[in-house]
Every structure is written in C-alpha cells, then in structure tokens.
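The chain below stands alone, shown as structure tokens; this is the form predicted alone.
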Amino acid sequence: MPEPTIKSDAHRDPLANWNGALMPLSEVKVSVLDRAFLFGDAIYEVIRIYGGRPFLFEDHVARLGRNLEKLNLPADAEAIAGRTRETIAASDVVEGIVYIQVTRGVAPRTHQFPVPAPQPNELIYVADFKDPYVSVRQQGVSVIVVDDMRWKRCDIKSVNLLANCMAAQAACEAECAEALFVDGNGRLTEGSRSSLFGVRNGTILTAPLRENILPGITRKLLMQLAEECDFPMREEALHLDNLSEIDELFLTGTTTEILPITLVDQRKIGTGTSGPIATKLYDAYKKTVDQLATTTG
C-alpha cells in the first residue's frame, strides 16, 4: 500500500498560521526567494492530534528547539508552540495532524547564511487525518530495502527529503508500505519516514541514535512502553543478512503509530503475521492515547 495522504476534510481548507496570522492554507503565499524554496534551508515537525489535542507535544517542541539551535535559526520554539495550540483550538480538528515548518526566511540567493539574518518564516497548519492502516495493522505490511543515499545529518529534521521521497516512491511502485534504508555495512537504519524495531529471542532491538538516525518521538515513546511492559530492549543495529534470525519487525512514527512488518523484499519475517510483542506495544500505545483524552490542561 502506498504512503497515506495527509489532507483535510473535502469541505474545508486546512487552517494555517503564517507568521502569526490565521488564514486558510490555500491563501498562504511564500516568496520564491525563501531559503526553504531555494536551498531546503528549513526544519519541520509533524504532530498527531487525538481528540482535539496534540500528542507528545512537549517532546516535539523540544526537538524543534534543538533543531533550531543546530541550524542557528533565530526562532523561538516556545512561541511557536503557543501559536500551534491556538491554531489547533481555532481549527476544530478532532483527529488530525499539525505541520510546523520554520525557514531561514527570504534573502538574496547566496549559499552562506545571509548577514544580517532575515526574519524566519514560520508556518503551522492543522489538517484532518484518519488512521490509514486500520485494515492492515493486524496482518502487517510489506516493505522494500533501498541503499541509504541521504546526507550524514539525518538527526536534523530538515526539509531536505529528496532521497526519502525517492525511497518512498520506490516502495509505492513495489506496492509496499515503506522503504527501509541499509547502509554500506548492511545495517538497517530506519524507514524513509519511520523508525525501525526488531525482536530477536524476546529482546527488542533498534539502531542506536547517531547522526544518521532521526531521534523519533514515537521511537522514544515505544522504548518507554517496552520498559513498562517488561520487554528487554537493546540499542543494536539490525543487519540485512541476519533477518532470518528476527522474530518480529515493526515501524513506528507519528502517522504510522506502531505497524508490524511481515515481508521484507518478499521474504517472510517470523511467522508472517503481527507478532505478540508488537501487538502488546500497540495496545499500550493506544492506552497512552486514551489517557490524553482524560487528562486536563
């Protein structure tokens, strides 16, 4: 199955917040000299909304702040967080996503960062989104493996996603849900838009965080849930040549949630069905979502 499309209800435009001003997303206008357009000089976040409330919001805002610092972007993550909450409240979206993007702004085209620094452009928009994996979550999905062509700072959630898009397109053409990246040493790192976990002899494995891995927010939550469920866990890279030793394989992500993999390049994983650990972790994930609806504030 191809990647799900994030789109609004057919009868309404997503609500956007463009540099502090609320407007329909279709009315946002961006200069062609914006450095995101010219160079991909921007970062972004995608946050899930359940029951009208942003999920794991503080973790997303913290990562946004870290990435602003890494790229020396002079924007205030906490101020953006405040506008994000205001935009969600004004949108009336109950089940959806929030997209946040911060660019270095508009400046004459030069490769080095402009001096003086331009005013960053800050986009927030809220759109409806329904779980596209309901019908396949129990039986799992198929994926392909592609060579990792990305740059060496995948820990920065930048909008430079051409290699990810090419991998996702290859998966789509293969009628698969995702593409897994493999490095030059045969290590599986992550998906084109998701984090990767495996299970071997009852122990959950995932690649250790380095500059070639995005520190996924759902990845962090899953590790916490694994501890609460008393599942042993170790940060250890999965190797393509050793997939026959893996009992379960699954993806995590903001829109993916927890999604079992049952075929890799048409090779069966484990029993070829969703495994017990992935199933229990998904149940724990949904309980965490349900708790969001019952908390105040």
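Sequential numbering from 1, following the sequence displayed. Everything quoted here is computed from the prediction, not taken from an experiment.
The protein also exists as the form predicted in complex with a small molecule; that form is not presented, and the subsequent description refers to it.
Remark: all three candidate residues (150, 190 and 252) come within 4.5 Å of the small molecule in the predicted bound form, counting heavy atoms only.
Just one of 107, 214, 77, 146 comes within 4.5 Å of the small molecule in the predicted bound form, counting any heavy atom, and that one is 214. Between the small molecule and the residues 206, 194, 91, 103, the one pair within 4.5 Å by heavy atoms in the predicted bound form involves 194. Only one of 24-32, 65-73, 262-270, 43-51 lies within 4.5 Å of the small molecule in the predicted bound form by heavy atoms, and it is 43-51. Contact check for residue 87: no non-hydrogen atom falls within 4.5 Å of the small molecule in the predicted bound form.
Taking non-hydrogen atoms only, residue 83 never approaches the small molecule to within 4.5 angstroms in the predicted bound form. The closest non-hydrogen atom of residue 137 lies beyond 4.5 Å of the small molecule in the predicted bound form. Using a 4.5 angstroms limit between non-hydrogen atoms, residue 164 touches the small molecule in the predicted bound form.
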